[in-house]
Each structure stands twice: as structure tokens, then as C-alpha cells.
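Take a look at this single chain, the form predicted alone, given in C-alpha cells.
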């Protein structure tokens, strides 16, 4: 179990019980939708509102404590901020998995063919996971 109180404070965030539980949920699940996060937090904080979760998610994203993973044709999922990585998404079960891919050759090609200065990448690869293939 991580000490999210100190980690939140290091990101200049107040360590509220709700934020600590959001961090724990993201640590446990890896990637989670707002709806699933709401269901999970509702068990511990029965009076929590969806608006409170959205507010905390946005504050935590602004502080770079968590990040949004936008998945094509599906709801976004959220994860604790980590080193740069991409995502694999299963079209059948919806599982989301981290994968580290060296995108330097792709970014070099973009800079050679355009005048676009890439600031951030968000690569999501979709297909069928090993479990669903069986």
C-alpha cells in the first residue's frame, strides 16, 4: 500500500479521504472509468456525488497526479501518472493494458514531413487480448 497522503501533498494537493481512495482505486485497478470509480467510492462514502468525483479527478489531473486515457468509441479511463507509455485496449472485454513503445522514429518522421511540433503523444492500440482469443 502506498502512502498517498504524502504523494498527494508532494503534488500540492490536499490529502482528503476521497482523493486517497481515488488514488488507491487507481493503484488497484490500474485504469478505471468515472462510473466504476463512482461505484467503488459510493461503497465507502455513501453520500459522495458524481460531481465531487469529477471535481477531484479534474483537480488531480491539473496537478499531474493522474491522467486521462482517451479510448476510441469508449469512455475514458484514468490512471496514476507514470512514465510515458502507450495502451493496448481489447475490443471484446475492454481491458486496458500499459505498453512501453519507443515512438522516437515515429516522432522523427512527423517532424521531417510536417512543421508540426509534437508536444505529447497518446497512442492507443486496439485489438483482441490473449484471454479473449482463447
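Positions refer to the first chain, counted from 1. Note that the structure is predicted; figures quoted are calculated from it, not measured.
Although not depicted, the form predicted in complex with the DNA is the subject of the following passage.
For the options 100, 43, 105, 49, the one in contact with the DNA in the predicted complex, meaning a heavy atom within 4.5 Å, is 49. Across the proposed site, 9, 35 and 55 without exception bring a heavy atom within 4.5 Å of the DNA in the predicted complex. In the predicted complex, the DNA sits within 4.5 Å of a heavy atom belonging to residue 15. The shortest heavy atom separation between residue 75 and the DNA in the predicted complex is within 4.5 Å. Not displayed here, the DNA is approached by residue 59 to within 4.5 Å at the level of heavy atoms in the predicted complex.
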